[in-house]
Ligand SMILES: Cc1cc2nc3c(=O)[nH]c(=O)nc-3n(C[C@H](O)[C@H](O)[C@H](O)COP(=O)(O)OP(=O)(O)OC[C@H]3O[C@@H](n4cnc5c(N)ncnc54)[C@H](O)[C@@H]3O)c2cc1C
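In structure tokens, the next block holds one chain alone, the form predicted on its own.
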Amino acid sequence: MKVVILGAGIIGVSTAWYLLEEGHEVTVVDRQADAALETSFANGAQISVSFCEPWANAEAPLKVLKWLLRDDSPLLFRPRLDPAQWRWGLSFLTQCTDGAFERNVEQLVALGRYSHESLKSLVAATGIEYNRLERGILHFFSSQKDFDAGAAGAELMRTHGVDRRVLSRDEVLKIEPALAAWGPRIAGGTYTPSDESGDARVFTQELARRCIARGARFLYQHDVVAIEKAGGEVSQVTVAEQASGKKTVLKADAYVAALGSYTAPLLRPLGVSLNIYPAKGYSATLRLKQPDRASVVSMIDDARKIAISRLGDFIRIAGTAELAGYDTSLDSSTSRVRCEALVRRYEELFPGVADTTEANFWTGLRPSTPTNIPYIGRTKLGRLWVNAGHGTLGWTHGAGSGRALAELISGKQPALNFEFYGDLPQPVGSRLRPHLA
């Protein structure tokens, strides 16, 4: 079949790779000059099956209210006159129960494990290098209350087959000695040795080049002008080259929308309603002045809800989420506060280790659903498929989401217990109930 993919982030490029594996002819369209230059560009760098937890839980509403007026809060909700935002927020509240949380965890972990195995096989087959570190992920806590909650979360993960271990302060420092300066403030931690880290942008761009070498066509710096439908199905997609304005009509047997946060507004005029809302995330990438004193194990600082990952001679600090529309600027007062908070926290944890005077700040829109479960499957329009809504787990779920959708398009049933979007057959013995997204 001929397949057109809209979007060249980790999700779109992974989908392209696995469609090629299935023997299809693939064209990928993206408005940027290369792959992974938007949401996949400078994320937290973690492959974190152990942290496939939805934002929505019983304690979330109170926390969001507490953080409402803090510009440096981990999750910032800025109310707007935007029906999509309010729809998302109300749906999010319905997921803030223990039952919904456990149900959503089940699906997220299933996709995470399937995706991690897919990624490992893909890397073994291609030899792609991307500052990969297979040293696990360490989650440390600075208060006893948070540590107790983290231990409970680890127990839940173990029921789903994730080896998330509970550690004392001394055990945390043994796994990552670089935390010694902060050691007296650490209450404990959890650790999953099977998790890993690496540069999502580098990986995605290298995978895109390998797709091209296998015959895929990538139309970079092209905008989607129109998606046309006829007889209840998509009939063609028109794209335009940015430099010349030249339009190209793409006709295919299947079309995949993998445009992250922009997927929902693109498909809304076609009558496809996806409850995806952008969560503006931030990161800072710092050059290490003293690499020997820097952390190597990828970490999550629970107090600030940030990820810290080593990328060669650089360190990536990423986190916070701001539900405030499609703004990606870094020059607002709120953005400056949030960026500076990342650097300040790293200096608190690892004083003098990194050059904080030349931080490379970045922001991107995480395409979030109220459940954190992505849309993967076929829409009600014939030939139109979707692979979007991965939130903060795009890197963790990327390879598996691409593989699963390629299998679905090819008429196969992916081997995981996951509720795919649309009118698709479910795995035998599935116990999952529909998710609200």
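Just so it is clear, the model here is predicted, and its values are computed rather than measured. Note that residue numbering begins at 1 and tracks the sequence as displayed.
Although it is not shown, the form predicted together with this ligand is what the next lines describe.
Every residue of 11, 364 and 392 near this ligand in the predicted complex, heavy atom within 4.5 Å: Each of the three qualifies.
The unique member of 319, 188, 136, 112 whose heavy atoms fall within 4.5 Å of this ligand in the predicted complex: Among 319, 188, 136, 112, a heavy atom within 4.5 Å of this ligand in the predicted complex occurs only for 319.
Candidate from 350, 282, 147, 218 lying within 4.5 Å of this ligand in the predicted complex - any heavy atom: Flagged contact: 282.
One stretch from 57 to 65, 392 to 400, 376 to 384, 407 to 415 that, in the predicted complex, holds residues within 4.5 Å of this ligand by heavy atom: In short, 392 to 400.
Any non-hydrogen atom of residue 40 within 4.5 angstroms of this ligand in the predicted complex: The answer is yes: residue 40 has a heavy atom within 4.5 Å of this ligand.
Residue contact check: residue 223 to this ligand in the predicted complex, 4.5 Å heavy atom: Contact with this ligand, yes.
Contact test in the predicted complex: residue 258 vs this ligand, heavy atoms, 4.5 Å: Result yes; residue 258 sits at the interface with this ligand in the predicted complex.
Heavy atom of residue 372 within 4.5 Å of this ligand in the predicted complex: It does not: once this ligand is placed as it appears in the predicted complex, residue 372 has no heavy atom within 4.5 Å of it.
Any residue of 42 to 62 that, in the predicted complex, places a heavy atom within 4.5 Å of this ligand: The stretch touches the partner through 43, 44, 45, 46.
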